[in-house]
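Below sits a lone chain in structure tokens, taken as the form predicted alone.
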Amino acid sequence: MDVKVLSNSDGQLKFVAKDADPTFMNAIRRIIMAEVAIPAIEKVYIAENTSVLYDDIIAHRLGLIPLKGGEILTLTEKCDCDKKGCPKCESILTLEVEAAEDNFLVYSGRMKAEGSVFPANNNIPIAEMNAGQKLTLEAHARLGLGKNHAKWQPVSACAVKYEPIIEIDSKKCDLCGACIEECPKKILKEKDNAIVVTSLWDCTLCKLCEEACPPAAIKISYDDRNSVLIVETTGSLTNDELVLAACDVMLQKCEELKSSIKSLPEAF
């Protein structure tokens, strides 16, 4: 398998894996979304709330704030505290604010970390308050997996895209330009009396160009042995860390399967 990074900027990672089994790439995608452990707020204890928002709305908003850190934490189900919560599996954040004016926005950056976990972004709005309103709370963050709740999903997007194959029959093509007009990504253009593809990986396989071509000179298909993985982190881990963590989880699963097979009684 040959891997090449196409881009890694603005919170998005794109890399091409050539000659890779499609099931392997899909497994990496699913593990990133569902089985890479990250911290998120699980419990909220509100001491005072005189804002217009109900306690449960604020708790819900806090739960969906991406958090960084927590490397020293262990999953609650693996902790010896019997899921009660302890310094080994929980990290505490506090928030105490009194609005000094109307339309006062409380952002995630006002949360103070009492442990190893802290907000990944300080500019996420929590509540809008008027002068004199107060909000005091304590939030407990735990590690979790995306398959259990969306707040533990470390990506906003994670997708596998197969390599597009765009075949243009020059004998049939009459250079009418219909395909160029219909392509939503504008990756087709006329050059040297022929229709050429300017950016293959930008093709979305929508087949609009194929449908618009009067002489049926264009055929769109894909090669599932070559694919690009697109990862957009929410901030808890970097895109690089997510891919590497997913590979570690996959290796661990393979070892567990190997061990389970060895422990089976011999068939007669």
Partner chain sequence: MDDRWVLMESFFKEKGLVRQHLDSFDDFIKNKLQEIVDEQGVIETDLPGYKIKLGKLAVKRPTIHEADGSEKEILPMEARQRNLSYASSMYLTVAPVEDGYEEEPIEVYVGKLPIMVKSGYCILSKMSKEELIKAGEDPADPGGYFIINGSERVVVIQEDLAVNRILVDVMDGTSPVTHVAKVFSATSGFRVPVTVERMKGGDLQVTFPSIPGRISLSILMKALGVASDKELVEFVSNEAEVQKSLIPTLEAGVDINSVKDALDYIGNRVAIGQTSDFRIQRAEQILDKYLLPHLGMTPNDRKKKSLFLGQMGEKILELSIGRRKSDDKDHYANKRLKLAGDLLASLYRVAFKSFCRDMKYQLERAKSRSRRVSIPTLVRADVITERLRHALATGNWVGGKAGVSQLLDRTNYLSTVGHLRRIISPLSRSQPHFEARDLHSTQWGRLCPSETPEGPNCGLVKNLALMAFISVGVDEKPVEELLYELETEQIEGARQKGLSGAKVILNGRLIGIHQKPELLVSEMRKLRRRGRVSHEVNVALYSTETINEIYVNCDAGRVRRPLIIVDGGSTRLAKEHVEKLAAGEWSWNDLVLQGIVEYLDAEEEENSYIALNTEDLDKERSHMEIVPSTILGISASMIPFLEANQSPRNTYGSAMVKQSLGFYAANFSKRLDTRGHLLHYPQKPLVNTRSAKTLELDRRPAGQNFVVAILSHAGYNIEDALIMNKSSVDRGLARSSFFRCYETEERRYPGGQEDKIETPAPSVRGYRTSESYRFLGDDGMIEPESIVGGGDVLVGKTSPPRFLEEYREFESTGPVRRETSVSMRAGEDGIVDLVLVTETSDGNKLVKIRVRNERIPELGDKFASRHGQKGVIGMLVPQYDMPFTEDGVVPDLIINPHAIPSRMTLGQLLEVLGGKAFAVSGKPIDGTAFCGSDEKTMKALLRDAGFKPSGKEIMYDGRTGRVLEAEVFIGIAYYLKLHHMVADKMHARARGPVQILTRQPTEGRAREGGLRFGEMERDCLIAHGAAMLLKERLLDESDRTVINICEDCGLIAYYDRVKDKHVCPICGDKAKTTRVVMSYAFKLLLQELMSLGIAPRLKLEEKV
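On a predicted model such as this, the values are computed, not experimentally measured, just so you know. Residue numbers count along the first chain shown, from 1. Between two forms, the rigid core is defined as the largest C-alpha subset superposing within 1.5 Å.
Missing here is the form predicted in complex with its partner chain; even so, the following discussion is about that form.
Proximity of 19, 82 and 245 to its partner chain in the predicted bound form is absent: no residue of the three has a non-hydrogen atom within 4.5 angstroms. In summary, among the residues 104, 118, 107, 162, the only one with a non-hydrogen atom within 4.5 Å of its partner chain in the predicted bound form is 162.
Of the residues 41, 36, 218, 203, just one reaches its partner chain in the predicted bound form with a heavy atom at 4.5 Å or closer; this is 203.
When its partner chain is considered in the predicted bound form, residue 57 lines it closely, a heavy atom lying within 4.5 Å. Proximity of residue 189 to its partner chain in the predicted bound form: non-hydrogen atoms within 4.5 Å are absent; the residue sits far from the partner. By the criterion of a heavy atom within 4.5 Å, residue 29 is counted among the residues contacting its partner chain in the predicted bound form.
Within 4.5 Å of some heavy atom of its partner chain in the predicted bound form lies at least one heavy atom of residue 149. The partner is not drawn, yet in the predicted bound form one stretch among 132-140, 179-187, 110-118, 90-98 has residues with heavy atoms inside 4.5 Å of its partner chain: 179-187. Scanning 59-95 for heavy atoms within 4.5 Å of its partner chain in the predicted bound form gives 60, 61, 64 in sequence order. Core-aligned CA deviation for residue 211 between the shown form and the other one: 2 Å or greater.
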